[in-house]
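The structure tokens that follow cover one protein chain in two forms, given apart as structure 1 and structure 2.
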Structure 1
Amino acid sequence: MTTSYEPVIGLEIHVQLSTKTKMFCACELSFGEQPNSRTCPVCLGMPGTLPVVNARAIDFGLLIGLALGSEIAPRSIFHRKNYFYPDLPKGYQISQFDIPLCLGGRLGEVAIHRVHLEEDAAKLTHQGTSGRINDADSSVVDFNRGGTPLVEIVTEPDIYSAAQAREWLTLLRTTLRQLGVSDVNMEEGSLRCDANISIRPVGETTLGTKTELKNMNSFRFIERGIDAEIARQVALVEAGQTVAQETLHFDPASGTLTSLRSKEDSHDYRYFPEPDLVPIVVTQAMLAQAHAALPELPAQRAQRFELDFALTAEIARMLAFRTELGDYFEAAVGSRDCDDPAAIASWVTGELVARLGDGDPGDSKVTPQALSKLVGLVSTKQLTSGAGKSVLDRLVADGGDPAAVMESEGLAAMDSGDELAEAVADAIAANPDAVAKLRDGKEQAIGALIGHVMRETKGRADGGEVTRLVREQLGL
């Protein structure tokens, strides 16, 4: 008998904070500048230098903790995480271990284990055909990134599919962007994700041996990588083999997984308190300032959209989790050219997104007021839905007023008078096979007649009225 397996996934997300300077020195943050041009003796780990904590990074950490519903530690300390790697000039990373800034919390359906502050490593580039250290011709290090303030967000193993991981990361990214703590640009490395993955027989509660997919920088690649690792683990177990605890690299070009090293446990890093930094003591004034700075978060916005505008949960989440869509929707509703917010939301998330993709509708030629007017014309049956889509095509290409486009293109909805009756009669005459099938009780055959009328009238006819007239003229 084949056993069904359940994947269990936990995520570790590293977020570069949008401070002006690095975590423990005064070097300005940069991206894309001349390599090794933003460095100093502190971030290069020169002997005798002393770190100083970036107060703005602590403020951002508190904001994130409050947004995630975490418990804020009244006293928090930094540790040295010891390991040797070419991108770590000190031979250790200043991070937090057993007394992090924030503990617990929840975002959506996923529980948070901890949120802590640390410094980023330098950027290590492996030069060779594969871009991996094991078979690189050479490696170069750019220390500009070294020392960049990071917040690491660690979830509980509360995720059970690659698709769920991707959706939750989308919510997290939008939340962080709303907080203003990071640009969360994955292409530039501002947000990076590691995934810890294990499988277990369905119904079991004990976790299996986990592996780690490291430093994935695209939600699409994260989803593909997790799916590939789940399939690999299932194949191993079903073949009677064991899953080794290791760190893996997913190659999105080939879809293959490669072992990098055995996965470390916390004791392998020999953590000990950082002797050159004093503890962080969070005051009531700091907490009050962080509370005051909290904006409306995506999950709260989605709930408001559901309650205030009677939207479905799915559409409310789509609008709230893509900030630019939510802003556009609210501007369209606010123009008061259509009194049906649910219809506006449907057009924004459906027809408009289908034409603009991931682009910001606020940057398009379709103003929120124009879309609201368009939806109003359709809602009041001055335009059919099909003709409305044709008008939207024109608005996306050229902008303008939907009513003017409707008139200039001759797309105003037909009434149910002689013109429509004649169009239906022509359709019946031109489609004898469909008529015969419809008379024999094959209801789907009416689609050919409706389609004929729609083509001849350029979508100006109302589908329901066409259906009624077809049946009336055929005596059905």
Structure 2
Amino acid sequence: MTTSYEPVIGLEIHVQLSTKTKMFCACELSFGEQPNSRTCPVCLGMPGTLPVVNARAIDFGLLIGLALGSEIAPRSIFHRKNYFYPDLPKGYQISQFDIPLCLGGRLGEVAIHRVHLEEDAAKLTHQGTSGRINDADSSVVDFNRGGTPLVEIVTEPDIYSAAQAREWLTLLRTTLRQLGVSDVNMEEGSLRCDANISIRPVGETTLGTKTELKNMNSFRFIERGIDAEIARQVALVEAGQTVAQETLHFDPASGTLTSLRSKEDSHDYRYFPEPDLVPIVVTQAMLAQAHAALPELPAQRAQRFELDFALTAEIARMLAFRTELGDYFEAAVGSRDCDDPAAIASWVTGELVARLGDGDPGDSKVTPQALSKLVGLVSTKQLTSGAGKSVLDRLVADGGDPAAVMESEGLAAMDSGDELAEAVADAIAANPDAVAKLRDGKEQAIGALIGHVMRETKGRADGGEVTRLVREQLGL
């Protein structure tokens, strides 16, 4: 008997906050400026300099905590996390340790463990032949990024597939973008994700040994990396071996996982409270301000779509988790050219997305009102859904008014008059086999007859009407 395994995944996400200045000094955040041009004695860790907390970073942290439904610590402090590395100018990172700003919470179906504030490391460029640190002859440090405010979000191990990890990260990214606290751009490193991955036999509740997959810099790589690691662990266990606790790097080019040399210090970070800073005590005023600044979040929006527009949970999430789709949908509903929001939702998430991909429909030639009109024409059977798709093709290509396109292309639905009765009769005559089967009670045989009529009428016929006419003419 073969055992099947289930992966258990927890994520650690580092988010660069879009404040104007760094976490502990007044240097402006850098966007590709000349190396080391956004530095000062504080962020270079020069002797005698001291950190001072950026108020907006705290506000952003609170906003994130509220959005994730976390408990806000009444009093949180910073610690020093000690280790040596050239991208860490002071020899310690100022971070939050046992008393983070936010504890617990939930986003979608994933529980949040904690949310804390810290400072980013500098950028280290390796100058070896391979560009990988282990082979580098020397490295060059640019401290422009050093000290950028970061929020670290740690989830509970609540994720059970790579696809779910990806979908959840999309929700997180949309949520953070909606909050206006970060650029959340993975390619540029403003959103960085590590994954803790273990597997266990299905039905088991204890967690297996986890590995840490470091710093994947796109949503696609995250999904592929996690899948590769799950496969590696399953293969190991099935071969009777054990999974070692280690940190891995996924190379998207080759699809391989390599073990990062384990730190010789065995992670003895010697945390202790940062004596250069004083506690953060969140006041009622700070909380009230954060509450007031809180926009409607994707998860709430999905719920509202479900309730107000009778959408399925899945479609509501597809719209809400992509802010631009949600906005377009609401604009289409608001134009009042169609009183069937569920139909609009299904056209947006189905036909429109199929044509526009990741593009923002707001930037397309199809105005929300045009889409709404198009769906209205289909709902009122002035246009069959097949013909509607042809109209949409034209709208995507050239824009315009759907009714006008329908007229000019001659796509208006046929009424159930003589023309349609004739087309049905032709179909019956041309498909004796299907007719025979239908008479024998094989209901699905009617498909061939309907298909024939649709082809002949360029999809202008209504499928229901065709079915009725077929049965009527055959006397069934």
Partner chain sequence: MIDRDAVLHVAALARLELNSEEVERMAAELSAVLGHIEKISELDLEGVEPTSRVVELENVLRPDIPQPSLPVEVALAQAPAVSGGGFSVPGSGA
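Residue 1 is the first residue of structure 1, and the numbers go on in sequence order from there. Only the largest set of C-alpha atoms that superpose within 1.5 Å between the two forms is called the rigid core. What you see is a predicted model, and the numbers here were worked out from it, not measured in a lab.
Between the two copies of this chain, it is structure 1 that is the form predicted alone. For residue 428, a C-alpha deviation of 2 angstroms or more is recorded between the two structures after rigid-core alignment.
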